[in-house]
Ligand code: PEP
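Shown below, as structure tokens, is a lone chain in the form predicted on its own; questions about how it binds or moves come after it.
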């Protein structure tokens, strides 16, 4: 089980310091294998690394550039994230796709860059509301998945196994992100199952024995987390707004530890 908190472009410095301080004191159940990760803005990387270095909580970046270095004003490379102490990165989030015109091909390049730097990428896929209303959510998200992993599919078998062992997928229906809308449990289960089957069709025997974890994201909070995390194909949650509310986020973490 993985609980990932995406802070997006939030909060201010004082609130970020308080959140990190509280997360650093988080003591997980010793019998739990649940992984807790937070994703602060880049300006808080040093603060996150200092606060969480000796804690049970790890941290990562919300994005990275596909190149290792160069004249890319405002960007940050996967190696820079790694050198700052980060171990994860979110790639292909719908907000990156929508507002920054990121394509599946670009996301594929970023995944390879992250893997080469030793980061664990969380690949986000999910359909907009009009696609869901037209009944094309399966083909849409599975196409996103396949195209975003195109460069992984072109790797040698051994390289594929190594890459897939580091990969995490997050299914986030675009219409449920930050809206308060949550997909029905039946829809979440069906979409996760479809993505698992697609991964098996794409990579088969090269998949890890336990499979590639698939998280659910989209208005996850402390009141609906138990039902969502209780679904068999769901391996955790990518939490947005609730990750900025300490009590709510820690409650989700405790729920996950019981699964």
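Everything quoted here is computed from the prediction, not taken from an experiment. Positions refer to the first chain, counted from 1.
What comes next is about the form predicted in complex with ligand PEP, which is not displayed.
Answer range among 35-43, 186-194, 53-61, 214-222 for contact with ligand PEP, defined in the predicted complex as heavy atoms within 4.5 Å: Partner-contacting stretch among the options: 214-222.
Contact label in the predicted complex: residue 118 to ligand PEP, heavy atom within 4.5 Å: Output for residue 118 is no: heavy atoms all beyond 4.5 Å of ligand PEP.
Ligand PEP contact in the predicted complex: residue 11, any heavy atom under 4.5 Å: Heavy-atom contact with ligand PEP at 4.5 Å: absent for residue 11.
Interface membership of residue 163, ligand PEP in the predicted complex, 4.5 Å heavy atom rule: Result no; residue 163 lies far from ligand PEP in the predicted complex.
Contact of residue 178 with ligand PEP in the predicted complex (heavy atom, 4.5 Å): Contact with ligand PEP, yes.
Contacts with ligand PEP in the predicted complex - residues in 225-250 whose heavy atoms fall within 4.5 Å: The stretch 225-250, when checked against ligand PEP in the predicted complex, contributes 238, 239, 240, 241 at the 4.5 Å heavy-atom cut-off.
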